[in-house]
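Just one chain follows, in the form predicted on its own, and it is written as structure tokens.
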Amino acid sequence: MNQDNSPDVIGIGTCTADMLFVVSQPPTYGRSWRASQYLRQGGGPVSTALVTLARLGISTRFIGRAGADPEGVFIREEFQKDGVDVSRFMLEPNVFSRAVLVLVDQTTGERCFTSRRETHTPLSVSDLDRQEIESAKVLHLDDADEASVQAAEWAKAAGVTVTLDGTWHSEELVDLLLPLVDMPIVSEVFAQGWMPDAPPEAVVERLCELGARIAAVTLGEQGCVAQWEGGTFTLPAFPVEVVDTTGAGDAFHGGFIYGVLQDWDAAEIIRFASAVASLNCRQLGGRTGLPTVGEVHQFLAQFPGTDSQ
């Protein structure tokens, strides 16, 4: 494989076609409610993080598979629209891509999901190219499947930074993946599934014991708890008028990786990532409100006293 056009960030993970409906109340059987807004958009944790990075001016490539159905073609077009490299995004004939129905609360911006599961062949180790993985600066993952674990092993051995969006996990393989991750950022759902009843401070401490340089648990509007060599810190979220929280965590990961590539200190990285996530919540969809670098810095200028605690 030609490495001359190697991207800064390679992502391996989930891709979806999202159908978002803004509703005043959840639907019930036997009743009909009219949505106030509708949007169709690409989604998925790693996928949206890569789009976030592309909007911030970082070169990215998605390695994955979807069906060669209308949803898969749409997912690819959404990547291409934002400049994400899809040369390693494979469309498989006669199978389904993952499609997701997202109901967004008109008042709070909170959402719930239901999905049509994909039927395409899962990404396998044989689909990967070791030199390609080793050529990146960052490898970003969102699951602990066999292909992701192998890619993380190659990346770790080559000195490539491995980041993880811990949204869900494979029970069998997560213990193999976590020691390979330099910077895990996990959701409350992941944290409670992995360490039931443990506070976020205990979760980030355990992640650092496994070898993480920076570890964080994201807490939505409450911000995040993070640990690095300077200690354990609670970092607040930024106040914005929320329209839709879809993709906020994915945008946080994209902003976080951007900061890593700039070689900023951990507090500055998380502050920037929090701003990216907050800005993305101001419009419908996981990608509509993704900002440029200039927009993020302009936003942060309004909060010069925001510090970690």
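A residue's number is simply how far along the shown sequence it sits, counting from 1. Predicted model only: the values in this text are computed from it and were never measured.
The same protein also exists as the form predicted together with another copy of the chain; that form is not shown, yet it is the one meant from here on.
Remark: all three candidate residues (19, 33 and 103) come within 4.5 Å of another copy of the chain in the predicted complex, counting heavy atoms only. Put simply, residue 27 is close to another copy of the chain in the predicted complex: some heavy atom of it is within 4.5 Å. Although the partner is absent here, residue 40 is a contact residue: one of its heavy atoms lies within 4.5 angstroms of another copy of the chain in the predicted complex.
Although the partner is absent from this view, residue 238 stays clear of another copy of the chain in the predicted complex, with no non-hydrogen atom inside 4.5 angstroms. Within this chain, residue 114 lines the site of another copy of the chain in the predicted complex, having a heavy atom no more than 4.5 Å away. Of the residues given (175, 209, 110, 188), 110 alone sits with a heavy atom within 4.5 Å of another copy of the chain in the predicted complex. Note on the partner interface in the predicted complex: the residue among 233, 168, 154, 89 having a heavy atom within 4.5 angstroms of another copy of the chain is 168. Listed stretches are 139-147, 199-207, 215-223, 93-101; the contact stretch with another copy of the chain in the predicted complex is 93-101, by a heavy atom cutoff of 4.5 Å.
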